[in-house]
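Encoded as structure tokens, the following chain is the form predicted alone, with no partner shown.
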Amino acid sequence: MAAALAARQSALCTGVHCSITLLERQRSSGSKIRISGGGKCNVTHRGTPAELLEKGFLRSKERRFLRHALYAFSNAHLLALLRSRGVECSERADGKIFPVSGDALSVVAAFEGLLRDAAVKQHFSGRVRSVERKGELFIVNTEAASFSGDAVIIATGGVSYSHTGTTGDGLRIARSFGHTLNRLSPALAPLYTIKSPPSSLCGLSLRSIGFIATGGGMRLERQGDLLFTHRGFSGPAVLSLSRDIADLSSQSGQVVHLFADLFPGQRVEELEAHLFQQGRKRGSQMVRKFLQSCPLAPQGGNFALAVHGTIPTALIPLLMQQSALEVDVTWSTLGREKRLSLLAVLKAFPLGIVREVPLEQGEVSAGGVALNEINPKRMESRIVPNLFLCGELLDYAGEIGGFNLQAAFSTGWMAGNNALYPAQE
């Protein structure tokens, strides 16, 4: 949709008369927008383009590729476009930006109105079967009709949430033109473990903890919220690290172990000193009682402030069990060896072994068309002139927080803006 709007704007600015046709596989537009942010549509993230690139795209190759697009059509441009159709947005404390209405349909309606104003011809319920190059024209064949054009933009998404229509059609078409497809993998996905978490922990959330994955001599880590599910784990920290974990676990024979650091802001020595001090001050206090009132992920070593709440009661028995501590042990009877055992568990509570990172459950998919085959200043294929590719079918994936939608709008806008004109030699 962004590509079609940009193409029309470019045509109007230069006085070029052209027909713009948008082929949509689904019965209505904006399927991914409709489900974004739980139906509230986390449309983008606050910050300058440089800040969005730094925070939202952690792989340097992908940041370099997206730089031109995010500067050419930034979050400010997107919000101004929505505002022109009466959709006001507001940002949350974490930087995520949503429509004030709290309804993703308002964003879809805005784009639908813009497309009507731009006289974009839309065809729904028409799956593209093939795209062919015949001389200077492209022939696009759907299940019911054929279309021809001087330029084609493929903006079909990857393979995440296939029920929205993203079943890899664009990837197949790109490959038919000779493009390289890098291995598809999940991103922003939950993790399933070999042994499911205890049912008593299902639905439990740990805020701002350290989430750790180890395997093959590597250690991966994020800090954020973690959610226990009936099959494994989810939450921002898990989703953020899922792509790297999928890459690690796909390596032959690699076993990936998961851990939670309940005190990510404290070094081991600092936490040990606090536990030792606790034992001296309150020798008769049972350790489990201390844990129940202990702040989770305390900031700056201040154990008096429970900014992120306290360690959940349901987790305490497992902490004691993993530390091999009796349920009624007190600080005065806790020897150094047992104290060190507790310390180790608090800094690396075992969560299990990864069984699967489900591709179909990922909010986006990584992998896809190799970035070095696309001109990042135009989103044009380096293999086939006047063939443009944008969005999730390209081999990049952003963090949770609106970054992927912004990248889709930005790369789509750049593709549309350049589709009318051949590249300058």
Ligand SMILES: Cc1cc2nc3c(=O)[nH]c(=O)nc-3n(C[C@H](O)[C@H](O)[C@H](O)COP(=O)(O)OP(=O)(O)OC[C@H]3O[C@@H](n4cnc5c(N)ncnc54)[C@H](O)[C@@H]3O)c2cc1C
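One-based numbering along the sequence shown. Not measured: the values here are computed from a predicted model.
Below, we turn to the form predicted together with this ligand, even though it does not appear here.
Put simply, S185 is far from this ligand in the predicted complex: not one heavy atom of it is within 4.5 Å. Although the partner is absent from this view, S36 contacts this ligand in the predicted complex, with a non-hydrogen atom inside 4.5 angstroms.
Heavy atoms of G126 reach within 4.5 Å of this ligand in the predicted complex, making it an interface residue. Contact annotation for G391: at least one heavy atom lies within 4.5 Å of this ligand in the predicted complex. When contacts are defined as a non-hydrogen atom within 4.5 Å, none of I212, L258 and L262 contacts this ligand in the predicted complex. Shown alone, this chain has one stretch from 46-54, 378-386, 59-67, 363-371 that lies within 4.5 Å of this ligand in the predicted complex by heavy atoms: 363-371. Note on contacts: among F177, F147, F276, Y161, the single residue with a heavy atom within 4.5 Å of this ligand in the predicted complex is Y161. Shown without its partner, the chain has A155, T156, G157, Y161, T164, G165, T166, D169 in segment 141-176 as residues with a non-hydrogen atom within 4.5 angstroms of this ligand in the predicted complex.
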